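Given next, in structure tokens, is a single chain: the form predicted alone.
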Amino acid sequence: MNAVPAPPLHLCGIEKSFAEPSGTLRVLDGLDLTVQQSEIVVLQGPSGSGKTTLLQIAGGLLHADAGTVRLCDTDISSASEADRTAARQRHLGFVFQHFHLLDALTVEDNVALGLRLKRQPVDRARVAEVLDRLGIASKARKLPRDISGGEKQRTAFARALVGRPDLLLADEPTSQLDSHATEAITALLAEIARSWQVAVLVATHDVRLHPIANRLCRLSQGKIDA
């Protein structure tokens, strides 16, 4: 019998607090969350509720005070820094709220940077394929200043996806986009999950992403209300 593959993301008992002048602020309080392959989970919650903190912990960019974080078959909460980095490189793509494109690099070189950061060979055919699938192949030689906000966001998605991740984390991916670009990114997220078989966890205030969600989860008082 074949073993059932581990989910791309499994969080169990996650706790995180920050020290503030007024005392300790507990942001996450025993939080549990699992995201399966090809599933889109949309995470809601007011500003300051801990959505970005949760994504950073899920992506191994921030340590939890307690609890377990598993990316596929790796427990990154107890792994060495080298193993944690290797798991992120192998399994994870991250799209930040602000595009974080390098102004001096072309679109295709910004995307290729996604492979360099994973210490993978720069496969120009793979870069071209991802740009084509995301509808921005014609922008490959342009600089970020010469493309629209929606095209910048697609470039950020391409950079996150070029390394074939199992899990895509997206932090407010439509917050800087107009309605037309948001509609395009929403369709893109659905396509990524369905056709690319990528698990997607999106933190957003944008109700326009709700129709594509397999699950809507609300972060409240440090826990998930599904």
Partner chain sequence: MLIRTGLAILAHERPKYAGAVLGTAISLFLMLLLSGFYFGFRRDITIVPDSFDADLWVSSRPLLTFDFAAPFDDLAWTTALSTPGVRATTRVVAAFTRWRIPGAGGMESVQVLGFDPDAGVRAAFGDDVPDLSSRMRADGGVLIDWKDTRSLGVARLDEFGAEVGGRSARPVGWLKNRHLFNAAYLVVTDVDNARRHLRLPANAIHYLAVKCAPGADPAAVAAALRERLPELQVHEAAAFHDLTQDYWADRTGIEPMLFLSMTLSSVVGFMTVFLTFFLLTSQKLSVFAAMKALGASTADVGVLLWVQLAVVFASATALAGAGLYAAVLAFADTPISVVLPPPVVAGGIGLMALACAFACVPSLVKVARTAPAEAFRT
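Numbering follows the first chain given and starts at 1. All of these numbers come straight from a predicted model, not from anything done at the bench.
One more form of this protein, predicted together with the partner chain, exists but is not displayed; see below.
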>> How about residue 49 - does it come within 4.5 Å of the partner chain in the predicted complex, if we only consider non-hydrogen atoms?
In response: no
> Heavy atoms within 4.5 Å of the partner chain in the predicted complex: does residue 133 have any?
Replying inline: no
> Is the gap between residue 140 and the partner chain in the predicted complex 4.5 Å or less for some heavy atom pair?
Replying inline: no
>> How about residue 118 - does it come within 4.5 Å of the partner chain in the predicted complex, if we only consider non-hydrogen atoms?
In response: yes
>> Among the candidate stretches 125-133, 97-105, 69-77, 147-155, which one is within 4.5 Å of the partner chain in the predicted complex when only heavy atoms are counted?
In response: 97-105
> Looking at 64, 55, 40, 31, which is the one with a non-hydrogen atom within 4.5 Å of the partner chain in the predicted complex?
Replying inline: 55
> Would the partner chain in the predicted complex be within 4.5 angstroms of a non-hydrogen atom of every residue among 91, 191 and 197?
Replying inline: no
